[in-house]
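First comes one chain, alone, set out as structure tokens in the form predicted alone.
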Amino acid sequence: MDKIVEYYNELASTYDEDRFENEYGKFIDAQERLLLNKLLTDKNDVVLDLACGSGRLLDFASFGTDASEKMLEIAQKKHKNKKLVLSDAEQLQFETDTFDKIISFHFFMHLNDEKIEGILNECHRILKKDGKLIFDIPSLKRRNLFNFKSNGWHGAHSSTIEKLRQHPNFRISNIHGLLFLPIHRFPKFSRRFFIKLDLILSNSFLKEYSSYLVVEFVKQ
């Protein structure tokens, strides 16, 4: 985990510009926001953005936490009224039964099974009864289709719907897809016109062949 934190500390100052100010990043951001607007409709919910990074999705959360000090500094400048906490995701600095919902994007994909299990246990602890954890994970079926090969820890982890359903402490209320089309191959000027079509395809019977699965886990 230390090498991941070090990596994000080093790129924090240029993270938003490099990752989400290009046409591909804007496409992903738009899709995630459309989905979160559908999933987070109760304004009274207390929501945590787990591994909030530079605060890109903190508009949807009441609190944020991250292990990267540099990322949190940037997030706090953008969201001065948000409560942000520097913390390892396996030892979260929150009381038991605190949150109605937790969101976490572009995080679990960097971790191994053991680390993910520890984080899921912490999420289970701090969620209220019937609380939801909403997170994304690359689809293993999509990766197998294109013979994906990981290069180190970055984005190396993926999963299947079948495996996700087996977790003993959560049940799945829904699974959504993101990024079905190979949008990086489309001309940059045209990508924004495919956002809604991509969401339709990603949430059809082909959803497990989307690039990412967005999972709604409910605390049991």
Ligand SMILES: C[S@@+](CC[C@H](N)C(=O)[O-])C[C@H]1O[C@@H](n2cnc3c(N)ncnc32)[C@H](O)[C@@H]1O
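This structure is a prediction, so every number in the text was calculated from the model and none was measured. Residue numbers here begin at 1 and follow the sequence given.
Here the subject shifts to the form predicted together with this ligand, a form of this protein not shown in this document.
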>> Is Tyr209 near this ligand? Define near as a heavy atom within 4.5 Å, in the predicted complex.
In response: no
>> Residue-level contact is defined here as any heavy atom of the residue lying within 4.5 Å of this ligand in the predicted complex; does Phe20 satisfy this criterion?
In response: yes
> With the cut-off set at 4.5 Å between non-hydrogen atoms, does Phe94 touch this ligand in the predicted complex?
Replying inline: no
> Does Asn121 reach this ligand in the predicted complex, with heavy atoms at most 4.5 Å apart?
Replying inline: no
>> Just to confirm, with a 4.5 Å cut-off on non-hydrogen atoms, which of Ala75, Ala89, Leu140, Ile126 contacts this ligand in the predicted complex?
In response: Ala89
> Out of the stretches listed (94-102, 108-116, 126-134, 144-152), which one is close to this ligand in the predicted complex, meaning heavy atoms within 4.5 Å?
Replying inline: 108-116
